[in-house]
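Below you will find one chain, with nothing else, as structure tokens; this is the form predicted on its own, and questions on how it binds or moves follow later.
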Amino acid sequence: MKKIVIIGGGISGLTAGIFAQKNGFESIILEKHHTMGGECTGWDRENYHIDGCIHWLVGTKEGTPIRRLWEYVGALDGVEIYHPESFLAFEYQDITVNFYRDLERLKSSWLEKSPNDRNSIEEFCSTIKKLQSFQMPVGKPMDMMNVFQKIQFMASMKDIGPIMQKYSKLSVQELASKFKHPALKGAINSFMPDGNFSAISILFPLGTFTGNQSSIPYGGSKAMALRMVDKYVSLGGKVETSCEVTDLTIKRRQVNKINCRNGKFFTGDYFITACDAKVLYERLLKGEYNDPKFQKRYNNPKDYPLASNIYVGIGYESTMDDIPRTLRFPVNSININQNDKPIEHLQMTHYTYEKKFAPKGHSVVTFAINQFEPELTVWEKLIKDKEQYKQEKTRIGEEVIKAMETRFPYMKGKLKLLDVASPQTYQRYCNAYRGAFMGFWPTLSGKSLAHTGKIKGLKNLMLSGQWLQPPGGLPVALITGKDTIMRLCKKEKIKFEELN
């Protein structure tokens, strides 16, 4: 029985481990943190639970291939799904723009606000409707398809291709400019900072959401990851936590051993790095096996930007059933790290529907403040002074509470700052390069990266995870974890066990 050592206990590593066990391999997962799940996580603060990952999950629609894959790995098997009625509610002065799940309701509510935008609204909704039929391919990866399978795959994309071609060349700002009403224009513009971000990064999520393909599993992110851990262990898989890999021993183009910070070492026949690509190429491989495709992207943050979060957790001494789950509201220019462009909107998500996330009659609220360049560099410098870093996080949390009290005066005195995570928090706990929570974001000038995970010059080491395919995220981590074992099965001439 061949042994696989998997570096990283996030969604991709767990998926690879489950498929390894299912296909006759012996496997072990090594995780840096004391808790498995990687960035699919959550944490407890003062009797509240802060969900740190899932805002919507592609693959919650029953009967779809990706839902079956989530069930196969134990993530959604028998789990109830919460379906919020809106993706986002955006406030502009006294107007609220709702991105409803019901596309007809979305269209009628927008037309009511701005009859003069009829043509743009109808085109916007028609495009989203076409994207509702898109299903993430979870079968064979392209490099393992034969000619006929590739033709079938291309045929399945015939309705999506023209949309991709059109909107991947259109920026978010250009999409917003199609609308005359400032509230509609502002709602679309608020999704991304100024720049050359592709409009497709808005349209695809709205397509999956309105098509009922993406919702939220009850119990949250950490619970979902731990269900996968239980599945893996039940199949005989082994886990080592608090076990950070520091370097690899390589001889004759093969990894022979991996060494860990706690003094342990592990040997195997194959090694899968289900971790950050930058960590693999620069830290573990010492820059000796760099991949030009990744180097090109890491060296060009303008065309291939990375995003992280400031993530603020707040406890509220009441419920919020009358407020949309995710609300973006204007604020009086909160300044983050002396940025030249103060924040003018905050995005709030509440978890009133999760009864176990807060004490009875209370709610937990999170704010995700996206951080790009140059903010990421500021955080990297700031953390060198621990006290200043701590003070800045507290200041931001207090500013957010003030903004909530301004928007919701009745909440004054009922809000408690629970926690503030920065991009450096994600880097520290998850080895996420620059705290990135997804792969490279789609821009007009950037090209999509499709990678097999093979490391040129090494025979038995592979990369898996969200960095291999755009746009990254949990579904890509899931699929690439499965694909990696599929490739190893082919190499070992083992018949890969298909989904039930």
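Since this is a predicted model, take the numbers as computed values, not measurements. Residue numbers run from 1 along the displayed sequence.
One more form of this protein should be noted, the form predicted together with a small molecule, which is absent from this view; the next part is about it.
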query: Which of 373-381, 107-115, 410-418, 305-313 sits within 4.5 Å of the small molecule in the model of the complex, heavy atom basis; finding: 305-313
query: The small molecule in the model of the complex reached by all of Leu30, Asn431 and Gly473, non-hydrogen atom within 4.5 Å; finding: yes
query: Val245, heavy atom within 4.5 angstroms of the small molecule in the model of the complex; finding: yes
query: Ser12: touches the small molecule in the model of the complex, heavy atom cutoff 4.5 angstroms; finding: yes
query: Exercise: Val279 in contact with the small molecule in the model of the complex, heavy atom 4.5 Å; finding: yes
query: Val5, heavy atom within 4.5 angstroms of the small molecule in the model of the complex; finding: no
query: Listed residue that, although the small molecule is not shown, lies within 4.5 Å of it in the model of the complex (heavy atoms), from Leu449, Leu69, Cys53, Leu458; finding: Cys53
query: Single option in Gly37, Gly453, Gly42, Gly59 placed near the small molecule in the model of the complex, where near means a heavy atom within 4.5 Å; finding: Gly37
